[in-house]
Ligand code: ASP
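Take a look at this single chain, the form predicted on its own, given in structure tokens.
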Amino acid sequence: LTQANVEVITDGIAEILPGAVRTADGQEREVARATPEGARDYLVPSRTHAGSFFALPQSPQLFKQLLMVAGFDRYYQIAKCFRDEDLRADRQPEFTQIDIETSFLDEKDIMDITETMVRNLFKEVLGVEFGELPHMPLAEAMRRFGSDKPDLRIPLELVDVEDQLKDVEFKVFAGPANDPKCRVTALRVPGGASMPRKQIDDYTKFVGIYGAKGLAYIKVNERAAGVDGLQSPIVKNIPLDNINVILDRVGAVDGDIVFFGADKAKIVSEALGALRIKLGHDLNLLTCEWAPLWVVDFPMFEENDDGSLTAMHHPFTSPKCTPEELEANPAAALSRAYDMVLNGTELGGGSIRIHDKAMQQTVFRVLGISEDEQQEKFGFLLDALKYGAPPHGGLAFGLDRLVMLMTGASSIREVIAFPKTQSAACVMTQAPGVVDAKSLRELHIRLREQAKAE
């Protein structure tokens, strides 16, 4: 995109939010103290405060909320953000957000504003017209597509079949089918029965990346012939009546192949969700060029392996319940969050924020953050909230991701100057690099000797 195209974005926001607070050149890089918001922070040691560190901002989240509390009812910024997390095609350590925050607007208002912005952007820059974006609850997206950012261009869907496999003697299916934390799912691929064994083996290796232990399948050669018309190592373990119900449920006809996943729900969703995307591209199944949507009704929290909870978005997202209801049953609470998705990529996400101190403290307690830690890490926010804050919310788009999709690039690295490698290193400057002893002393840092490789 040219500079003029980028100006379409910023000018468009200025028209939508007249009088909004806007930074001078979008290049501010606030540094703040580290706070547990999700991804790991990049930490910067302080020379003047021995043993203390700044954190490069993961996002301007707390700053823009404090602006709303202070009375700036509209804000936007082209903001630089930093996250120390594993990289992939649409993720870099340093990235750019189109950041928006407003007071006294609800979810519908903010989603309407930002949807209008994106629709105008694609129309003006690419001549592409989007209709009204559909809304899909997260639970439906995970059930049908195994992803919180479904690519609706691909006409393949996951179908749950646990009920047909609970009583079979085949433990690979029966075990997960009877476990409420597991999932057994089928994925029909039209015309896939002609797929050679090597290709199936390659897909089996692919789902293994996501923790799947295997990839069961049934080739439907001739349904009318019963078991003899099915080609699969698993059909002998499942009654034909159950198989027929499964094949009917997924809509299988002669010439199709049906893949199965059976494991913990997260593994099955991630593995078959990724397989769905790969099959869609490998077999040229895409039905259109662009498929935008809103994903809504996210849970407030997600459960870790140890049973503790983490915020699905961030701990400042407002729930759709009272503090008492939240504390009584946090796992069931939904949040007032929303993500815009395009072609399987999250363009941006946002939420209505917590503007009540009691609710914010309740969320911190559910997350296991003690009162002392709350005051130490978020005291400035809690102090601000106690004076009264307006209802407020916002959304941040990934500018780099927008440009990546609009230019047809396959990776975010192709649209960023001096991108980092997969291991978060800079090839040109050879960063990160060692620092001399004098500089370390000034920063009050001593390096621990690394164990030598044998």
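Remember, it's a predicted structure, so these values are computed and weren't measured experimentally. Just count from 1 along the sequence shown to find any residue number.
Quick note: we don't show the form predicted in complex with this ligand, though the next part is all about it.
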Taking this ligand as it sits in the predicted complex and superposing it onto this form, judged by whether 3 or more of its atoms come within 2.4 Å of backbone or C-beta atoms, we find the site open
Only one of 248-256, 283-291, 195-203, 307-315 sits within 4.5 Å of this ligand in the predicted complex by heavy atom distance, namely 307-315
Residue within 4.5 Å of this ligand in the predicted complex by heavy atom, from 114, 269, 92, 351, is 351
With the partner omitted here, the residue among 362, 97, 103, 147 that in the predicted complex has a heavy atom within 4.5 Å of this ligand is 97
Discussion item. Would you classify residue 68 as touching this ligand in the predicted complex, given a 4.5 Å non-hydrogen atom cut-off?
Written reply: no
Is residue 385 a contact residue for this ligand in the predicted complex, using a 4.5 Å heavy atom cut-off? no
ask   = Does at least one non-hydrogen atom of residue 56 fall within 4.5 angstroms of this ligand in the predicted complex?
value = no
**Request:** Decide whether residue 83 counts as a contact residue for this ligand in the predicted complex under a heavy atom distance cut-off of 4.5 Å.
**Result:** yes
Of the residues spanning 394-433, the ones with some heavy atom within 4.5 Å of this ligand in the predicted complex are 394, 395, 396
